[in-house]
Every structure is written in structure tokens, then in C-alpha cells.
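Next up is one chain by itself, shown in C-alpha cells, the form predicted alone.
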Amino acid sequence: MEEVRIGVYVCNCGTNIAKVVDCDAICASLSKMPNVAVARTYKYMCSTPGQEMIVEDIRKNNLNRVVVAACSPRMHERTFRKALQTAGINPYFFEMANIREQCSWVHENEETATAKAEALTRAAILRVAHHEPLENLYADMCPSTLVLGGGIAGLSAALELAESGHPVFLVEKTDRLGGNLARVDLTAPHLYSARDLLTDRIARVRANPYVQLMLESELKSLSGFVGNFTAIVGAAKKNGDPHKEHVLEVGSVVVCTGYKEFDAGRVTHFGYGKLPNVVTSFEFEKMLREGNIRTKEGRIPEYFAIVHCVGSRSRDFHGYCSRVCCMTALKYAHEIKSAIPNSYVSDLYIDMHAFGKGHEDFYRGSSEAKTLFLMYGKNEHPVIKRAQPGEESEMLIEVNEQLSGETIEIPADMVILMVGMEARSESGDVARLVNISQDKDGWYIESHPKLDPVATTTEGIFIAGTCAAPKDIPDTVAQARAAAARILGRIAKQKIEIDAVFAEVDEDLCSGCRVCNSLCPYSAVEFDEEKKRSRVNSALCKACGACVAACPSCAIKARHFTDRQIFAQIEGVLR
């Protein structure tokens, strides 16, 4: 049997770890352990020099196991596995100890943090000695893609894929393409026509032979795994026609189902639904598109008031910022002044979020156009009431203005409520169909918000646009194209690499009780009716261990998480 030779590498992570944990002391102590051939510290182990150090040590010292004590394995486990591959050893002969999130970030006492970090690293050393050389599996990759949603995100993703010569099924539940952007007149900050942005993309989608457009349709079911999904698409629920259901074979799915506008009627103090000339931003967009800005009585308004953050940044409704409202409000000020030059525009805001390229200049331009900016406090609100007979305007708005410290009353003939974005009511149904998660506000959760913002925890399912969180058009299009790029990269390889870490069922021990079938959160465990035994689909399995722990017959084994490996790790922590 080959001698176990372990290299141990403790990362300083700049000062993230080293300011609380004595990394040198850990190396000095653990270098004396049996089978440890090398023990080093380095400022940034994940950097190119850090990885090169590991590769060189493997070759120079004949290492056949590696332990890195650093940040979360979620961040860099793949990084270091690739370093092992580069050096010519099996990537699963690697173990990572998290001494940043679990030690330096949660402890202030250096002695306590160092002792805990040493225990976690020791546990990894004892565990890695029992690792086995695992090999990844491969499956064919279907080049077709299912795109859910025909808004700007869905159109952009579909075009990227189709114009690369790969089949796309574009599913839209309504009878037209364009999504929420089709309801918009001009876009901030450059005042481009939203209609022009969409017309080009819609024409290209309709003309592309690789796109199969499915309007008034929705996803009914999705089964299979990355590279080999089977989707059933049928008529949308609101469509009474019994359309034929289509069975589609696809390799990937891009969810671009968008958002819905906040219902302004839920905020009673703005008078929406009671005062006829209190309108939402989308109702005002319709006036702009029609070129007819008039009150319900048919008059041309003289005094306009724009109220920000309706439904957003509120403890009563949604705590998040909807991002696009501020620039859209400034856009309205420009369009109102252009259409009605003698009008007066008041902009009532909590904070002005001019975060994007060109937005600050747009804000400055609105100030120069003589828009009156009035700041009110978070979790406060302006009070809107009818004006008394004889007043020069229809309504009066009372606001506790923060910058002046005074209560100010302004006239208004029309009040525009900047309604925020919120997750669509059917987003939960879609999430269940494609097996992805939602946060507390109903937005879809990405695999990692920084490192993997378009993927999800279900391999092969991607998200793009405002179904994941509020965002503007450039970010939406960028996400859609990023998702398409990820898919094209997989299609180019023609094969799907399946992680070697998954659960296995020993059929000789399995009693067929099916406990594991109902427990699996990834629907990876199936029941073989012929054999009366359960089996695991390795492509769907994420090695969470739920089935292993629950099996009453101990018939399920998790590769890379064997009893021997786990008990060795426990021994290392407790020693």
C-alpha cells in the first residue's frame, strides 16, 4: 500500500485569518503529525503563486494528499482540486478546513481561535488519509435550451443561443413578447425608446429558424438532469383553449419570468383608487406612450408630484430597494417638461439612488430643469388630500421635508406613485417545477451572489433578469447573455461532467422501504419497480447525506463521505 504523504497549507487570507489566528503556530504544531510531509503558511493560498507552491510541493515531495486551511470550501474547493489535477494526482485526495468563517470571523480571542483552527485542520488531516481516488462520470449534452419568459431577458438569452446555431424553445405565457419593458415609453438615463429596443429583438427572434416560439404557453413539468431534461409545455392556465402539450428534450433551462408591479392600493395613505388623479408609474407610462397626459377630467395638468419608494424600502411592505424607480422618476420629470413646458414638477424621495453609468449626470440635468426635490424620512410618508374649492390645484401634498426641517405643502394636479418591483405570484409554482429556491421576498436564489450569479443549486437551471431581484435593463441583458454563455460552454464540450461525489445504494441491503425516495430534496432517488429496490441518479444527487442518515437498512453509502472518513474527522476535532 502506498505511503500517505500529506501537504498542509494554512492561508493567512491577507489579514482576514492572520489577524486572529496564529497560522505559523498551527503549521509548527501539525507538522509533527504522522504522514505530514510538508506544512506551510502563505498570504493568499488561492492566488496563482499559492497554487503553484502546492503543485511544486506535490512534485518535489511526492505528496499524495493535500489539506488547505483557509476560507469556505464553497469558495475555493474547486480551485485547489484543479491544482491537484495539474500536479498529476486525483483531485479528491484533497480536503479543506474552513478557518476563516468558522474561526477568525467569529472569534476575537487569538488563543481560542487558534486552538479551534488547529483542531479543524487536524480533523482534515486525519480525514484526508482515508480519501479514495474518485473519477467523475460523463453524460451526453442535449444542445437544445428551454427559455421561460419572453421579456428582454428571455429575448436576449434566446438570441445568444439561437444565433450560435443551437435550438431554443422560447415559452411565453401571454400572447405577446416584450414583458414589462413593452409597457415603457423611454428608458433612463439616455431616453432611448423602449419600443425600438424590443422591436429589433422580437423581429430577430421571430425570424430565426433555431427559435421555436411558444406563446400563451407555460411549463407543466420538468424531469431529468443537466444535459438531459424532459420538459412538458402546454397552454397557459388563463388560456381556455386545450392546446396540445409538447414534450421537449432540452439540456438546460433559463428562467426569465420577470416581476410584477407593486399594488399601490395596498398603501392607503396615498389615496390611490380614491383620488382619481393619483396614478401609478405604469399608468403614467401608458399616457406617455399615447402622447396624452391629461387628468381624468380631460384637463392638462399644471402641477405634478412624483412620489418614490411606493412599496419599496418600507417596513410594512418590502424592505429592499427596487433600484430603477429613482431614475424612472427623473425620466418622468424630463418627459413632463418636454411635453408641458410650463408645468411644475415636484420629486418627493427618501434617498436618490443614482448608481449607474450616466445616472449622476441625469440627476444633475433634472435639477437644472427646475425639478423641485423634496426629501422625506424613511418609514414616513407624504400626506395627500383634496384641495379646498378655490385652490389653484386639485390636491395638496403635505411633506415633512428633511433637508429644511420644515413641513411643506405643495400643489398637485397629478400624483405619480413610483411602484416597486415584487416577485410574481406564480414564481413559487415555477420554482417547484424547476427545483430552485426562493428567498423571503419570493426572488429566485442564485448559486452564489458574487461568484455564480446566474446559476442555481440545480445544475442546468439558470436565472436571469428581474425574476432574481430588481435590476435595470443593462444588468438584465448582461445576466441573460451570461447564462447563455454558460450554456454554450457546456454545449461545446458535448458531454456533461458529473461530480464523483454522490450516494450509492447497495441493492443487497436495500429493503425497498422507499424512505429515501420521499426525503431527497433533489428528487435524485428513484424506485425500481422491477427490482423493488431504490437507486440514486448520480447526475441529480448533490451528496447532501439525507438518504444516508435516514436509511434504516444502512444500505446507502455516500462517496467521499464514508463512515471511516467521518469518524476520523471527528477524532481529529476531539483529540
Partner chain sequence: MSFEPKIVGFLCNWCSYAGADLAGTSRIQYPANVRVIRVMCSARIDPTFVLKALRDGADGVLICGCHPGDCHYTEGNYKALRRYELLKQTLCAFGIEEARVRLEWVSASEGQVFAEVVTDMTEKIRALGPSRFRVEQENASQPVHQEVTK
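Positions refer to the first chain, counted from 1. Since this is a predicted model, take the numbers as computed values, not measurements.
If you look for the form predicted together with the partner chain, you will not find it shown, but the lines that follow are about it.
- Contact annotation: the partner chain lies within 4.5 Å of heavy atoms from the stretch 438-446 in the predicted complex, the single such stretch among 359-367, 326-334, 438-446, 292-300.
- Though the partner chain is absent from this view, in the predicted complex it lies within 4.5 Å of a heavy atom of just one residue from Ser312, Thr280, Ser427, Asn98, which is Asn98.
- The partner chain in the predicted complex is approached by Val106, whose closest heavy atom lies within 4.5 angstroms of it.
- Interface membership of Asn12, defined by any non-hydrogen atom within 4.5 Å of the partner chain in the predicted complex, is ruled out.
- Shown alone here, Ala25 lies farther than 4.5 Å from the partner chain in the predicted complex, counting heavy atoms only.
- The closest non-hydrogen atom of Thr458 lies within 4.5 Å of the partner chain in the predicted complex.
- Contact here is defined as any heavy atom lying within 4.5 Å of the partner chain in the predicted complex, and by that definition each of Ala119, Tyr522 and Phe567 is a contact residue.
- Taking a 4.5 Å heavy atom cutoff to the partner chain in the predicted complex, the contacting residues in 529-548 are Lys542, Ala543, Cys544, Gly545, Ala546, Val548.
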